[in-house]
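Given next, in structure tokens, is a single chain: the form predicted on its own.
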């Protein structure tokens, strides 16, 4: 799954999303700094998104970038360490992060589980959480190919996730990032394999979906930006 995700990420699938996240960092973290901006990718997978975000930051400012990635998957972190030098890659439980209190300016949490108590502990006083969740139209072409109209996975709502975010963090910004991606033939199967949409689906259903030769998919995300509530 992580090898498939790395292949898809390198193709530029997430580039518009990462570009918007990078611009959010550049717009909100400014002024003279004594050191680099510190970013934790919580649920980093195979590391490609943090590496791409660092590239966006470096193109926009001479300030340094210190990135750390944390994931429970040894396989994902092994790929990150192999492919992307210059970062701190850690195998660990998000609920018991190995980092000290107030270690980061930014916590990035893309399409991954959250632990808001731990995020609050890890962020500096004016630190910022950027959480990305799928929108209702995300990969709708794959949903239609893998599930019939009666399946609860045919549609998706992020309202509960958004409400939980707002219970713990003050919302600074919220925006939809939606775009269509043209797929080369060799990227369709890695895309299907990397997404949770394929989890629990019989292999014959996956093969039927691949035979449809989908050539364009919709990427639909909601980006939530917040600061921890003062308690």
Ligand SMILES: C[S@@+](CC[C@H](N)C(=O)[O-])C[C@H]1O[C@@H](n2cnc3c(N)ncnc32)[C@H](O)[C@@H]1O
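Residue numbers count along the first chain shown, from 1. Note that the structure is a prediction, hence the values are computed from the model and not measured.
A second form of this protein, the form predicted in complex with the ligand, is not displayed here; the remarks below concern that form.
Here the chain stands alone, but in the model of the complex its contact with the ligand, taken as any heavy atom within 4.5 Å, falls in 38-46 among 169-177, 184-192, 55-63, 38-46.
For the residues 94, 79, 146, 133, the 4.5 Å heavy atom test against the ligand in the model of the complex is passed only by 94. Interface residue remark: residue 113 is counted as part of the site for the ligand in the model of the complex, having a heavy atom within 4.5 Å.
For residue 102, no non-hydrogen atom is located within 4.5 Å of the ligand in the model of the complex, even though that partner is not displayed. Mapping the unseen interface onto this chain, residue 161 falls outside it, with no heavy atom inside 4.5 Å of the ligand in the model of the complex. Interface residue remark: residue 72 is counted as part of the site for the ligand in the model of the complex, having a heavy atom within 4.5 Å. Residue 196 is the sole member of 167-196 found to place a heavy atom within 4.5 Å of the ligand in the model of the complex.
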